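Take a look at this one chain, the form predicted alone, written out in structure tokens.
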Amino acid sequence: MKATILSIGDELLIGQTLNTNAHWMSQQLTAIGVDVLRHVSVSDKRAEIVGALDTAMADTQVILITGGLGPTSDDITKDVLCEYFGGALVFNEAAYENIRQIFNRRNREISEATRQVAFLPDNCLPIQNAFGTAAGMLFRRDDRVVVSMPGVPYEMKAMVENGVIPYLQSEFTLPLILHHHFYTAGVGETQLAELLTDFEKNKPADMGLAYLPSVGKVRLRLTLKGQDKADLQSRMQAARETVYAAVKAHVYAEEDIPLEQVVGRLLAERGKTLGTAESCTGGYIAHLITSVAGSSDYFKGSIIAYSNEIKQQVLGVQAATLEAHGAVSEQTVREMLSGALKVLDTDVAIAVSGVAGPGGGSEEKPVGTVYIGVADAEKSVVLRHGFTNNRERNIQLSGVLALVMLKNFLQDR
């Protein structure tokens, strides 16, 4: 079974609103074995909506629509759908009662424009809106299901979870679907693909392997569909073991948790405390670490040594080191590590110094040159990285690679 997600609204097309609804609905449909064929965004124009519906009805069985159900003149979705499916708008007592209760709680009068929201096509199955005034509408034509919902995310999500998903599961025989994810960091998708060449050649034809990259990370997703749950689980476990053996050096989790939480667990399990000394990242690494609840158990603090004066006065970096090697150097980062361990009185420290850009680079140290180090009282490791010309991306990559270094450092001790 295939699906189209149709989002209606000029605000989506001009970039005023980010379409998070389509992303979330795709996840829900995929989880029950419905393949999303396309995402489509169209303006609040009758011809655009009808054209998108014609295309979707031709090759998909499920069409989920959001937007255009409010009380204003540009909200025409209900009228278009009513005409498209050959119905007539009639007053719906249940929909009006829902509106009345909401307005009573707000101590407001119901305007005529709002009352019109209670008129629904007589050939639709209304879907109760638990959090707003506009009811959802489900239309059925042969084996096609079209559902129209408000664009407000929390209103739409309640309808999908409580109405749309149960309806699809009860009306259609959907395949079982299994996913297994590997969360990797510090390695690119090309390198991972090389490590998985043999697996790709020999994997079953019905097993999917997807590479889903983000900044400094790649999520691997294995997918199997079928009807025999025990068989799917057995085959997935065999595939999981093969893939893990090939890429385990780069895997930080097989559950959807952030890298900073994995690092936090390692620190807590080993009873270690951590501090950071940051230059080009400006506290971003500390931000990642403290975004995890309970991080106060192991994180003591950060020194933002953005200037050479602070590197010298607070962290104890020698003037001679800065003069001879510069702020962006292995030698400076090693002294930053020593200073952080001493000043913050921690078991482990991270230090970073680099050229984030877009200016400030040189032939010897171009923009994107970053030194990252991790140390404890006995050992220190400092690595040079060459990132990009984009400042934001360089800061994010520095944060990810610093956490990867810390993870590896802790696991090796």
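Numbers follow the displayed sequence, beginning with 1. The model shown is predicted, which means the values in this text are computed figures rather than measured ones.
Below, we turn to the form predicted together with a further copy of the same chain, even though it does not appear here.
Among 160-168, 287-295, 261-269, 329-337, which stretch has residues with heavy atoms no more than 4.5 Å from a further copy of the same chain in the predicted complex?
The contacting stretch is 287-295.
Exactly one residue in 108, 229, 248, 141 has a non-hydrogen atom within 4.5 Å of a further copy of the same chain in the predicted complex; which is it?
By the 4.5 Å criterion, the partner-contacting residue is 108.
How about residue 149 - does it come within 4.5 Å of a further copy of the same chain in the predicted complex, if we only consider non-hydrogen atoms?
Residue 149: no contact with a further copy of the same chain in the predicted complex.
Decide whether residue 114 counts as a contact residue for a further copy of the same chain in the predicted complex under a heavy atom distance cut-off of 4.5 Å.
Close contact exists here: in the predicted complex, residue 114 approaches a further copy of the same chain to within 4.5 Å, heavy atoms only.
At 4.5 Å between heavy atoms, is residue 71 in contact with a further copy of the same chain in the predicted complex?
Output for residue 71 is yes: heavy atoms within 4.5 Å of a further copy of the same chain.
Distance check, residue 134 to a further copy of the same chain in the predicted complex, heavy atom within 4.5 Å:
No, residue 134 stays farther than 4.5 Å from a further copy of the same chain in the predicted complex.
Could you run down 144-164 and flag each residue that has a heavy atom within 4.5 Å of a further copy of the same chain in the predicted complex?
The one in contact is 154.
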